[in-house]
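Shown here is one chain on its own, the form predicted alone, set out as structure tokens.
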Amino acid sequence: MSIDVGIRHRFGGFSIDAAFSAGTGLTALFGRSGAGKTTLVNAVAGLLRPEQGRVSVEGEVLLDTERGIAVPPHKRRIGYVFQEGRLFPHLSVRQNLGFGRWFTRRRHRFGSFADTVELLGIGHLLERRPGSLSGGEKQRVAIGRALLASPRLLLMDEPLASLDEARKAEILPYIERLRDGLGLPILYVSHSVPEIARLATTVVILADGRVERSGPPAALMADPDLFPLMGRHEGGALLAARILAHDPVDALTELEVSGGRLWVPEVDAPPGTQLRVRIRARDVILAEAPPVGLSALNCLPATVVEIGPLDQPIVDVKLVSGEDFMLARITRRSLRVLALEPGRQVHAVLKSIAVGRRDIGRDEHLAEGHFERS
């Protein structure tokens, strides 16, 4: 499954000239407001006819301005989830879910109504109307409606932007299920680093209508060169992890990562579950030797790989621990006192409470290849 997009368009004083390719999994279009993210997905959906462009899904050309091809939106078999659910207020949840099914030819249909309802946990909502639903419930119904249209591609334009933190935490696991369980490519628009860190298989970073960089989220988040686009305080590490055990007494979970073990707030998943864990650079302390007598529970051996510019009082130190890259943000004074330089062996110290539940997500793919040993 693949999607190839190349768009050139101008309106007013803004122009977009962007191209990227994506495969199965969740591809996040990331950038600040006005970067051109929604313009791109609208062109893919057929809601915008660009001046120049080409869009193909699974090898089928949906748009080619040079050849005069422009498949109408309703024939592209693309599901679209907007910032707001956009549900029909006069219809029940059951009727809203069935709406997309009515316009999908039988030979293109996949996935049953019952399976979709179970996947999204909305069985108890079927006879209710949208006006009685929470924001998170509305978005799950909107996702279900899009899936029941049997799309070959799912577009999600900042689906969590209008939700508070509690509702975001409610819906994130369901988006993980879509990414890992359906084999359906997803284009996901966001300007939230925590969201893309938890969800993305691939990240496409946009700025001023151009693609600045693309690649796996773990590599991009640990690249100081991208901090002006992503936000310096958001940089850090994205570690592949596996649950080893739970400690119900202390409400902690023990994880295995490529560089050692971590204790984090209790995760509601069985041992063996594969996860991704986000660690911010500002939460990492560096030590010459394993510390003794500290409240911090986590200490990973690491090697200094690269040291950022020294013209500021705060310095970014890039590390490798096991198979994972990490970042530590320390003062220039600490850098000098510790005599840090590339190749130096250190220990990265992290408080368990520095990792919030929103920083931990399920992922069967990020960990591939990291845990082949017994």
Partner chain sequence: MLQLTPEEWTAVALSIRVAGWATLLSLPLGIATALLLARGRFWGRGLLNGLVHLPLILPPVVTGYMLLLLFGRRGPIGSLLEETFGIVLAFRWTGAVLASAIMAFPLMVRAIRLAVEAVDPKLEQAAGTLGANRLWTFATITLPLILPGVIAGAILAFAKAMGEFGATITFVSNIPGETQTIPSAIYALIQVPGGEAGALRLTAVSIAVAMAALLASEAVGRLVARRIADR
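Only a predicted model underlies this, so the values are computations on that prediction, with no experimental measurement involved. Positions refer to the first chain, counted from 1.
The same protein also has a form predicted together with the partner chain, omitted here; what follows describes it.
- Given that the partner is absent here, state which listed stretch (203 to 211, 259 to 267, 123 to 131, 234 to 242) has heavy atoms within 4.5 Å of the partner chain in the predicted bound form. Correct option: 123 to 131.
- Are any of the heavy atoms in residue 177 no more than 4.5 Å from a heavy atom of the partner chain in the predicted bound form? Result no; residue 177 lies far from the partner chain in the predicted bound form.
- Item | Exercise: residue 280 in contact with the partner chain in the predicted bound form, heavy atom 4.5 Å | The answer is no: residue 280 has no heavy atom within 4.5 Å of the partner chain.
- Considering only heavy atoms, tell me if residue 47 and the partner chain come within 4.5 Å of each other in the predicted bound form. Close contact exists here: in the predicted bound form, residue 47 approaches the partner chain to within 4.5 Å, heavy atoms only.
- Task: Report whether the minimum heavy atom distance between residue 248 and the partner chain in the predicted bound form is within 4.5 Å.
- Result: The answer is no: residue 248 has no heavy atom within 4.5 Å of the partner chain.
- What is the one choice in 100, 135, 194, 224 with a heavy atom within 4.5 Å of the partner chain in the predicted bound form? When the partner chain is considered in the predicted bound form, the option within 4.5 Å is 100.
- Item | Candidate from 186, 87, 189, 160 lying within 4.5 Å of the partner chain in the predicted bound form - any heavy atom | Filtering the options by heavy-atom distance leaves 87.
- Task: At a 4.5 angstroms cut-off on non-hydrogen atoms, which residues of 141 to 168 are near the partner chain in the predicted bound form? List them in order.
- Result: Stretch hits, in order: 145, 146, 149.
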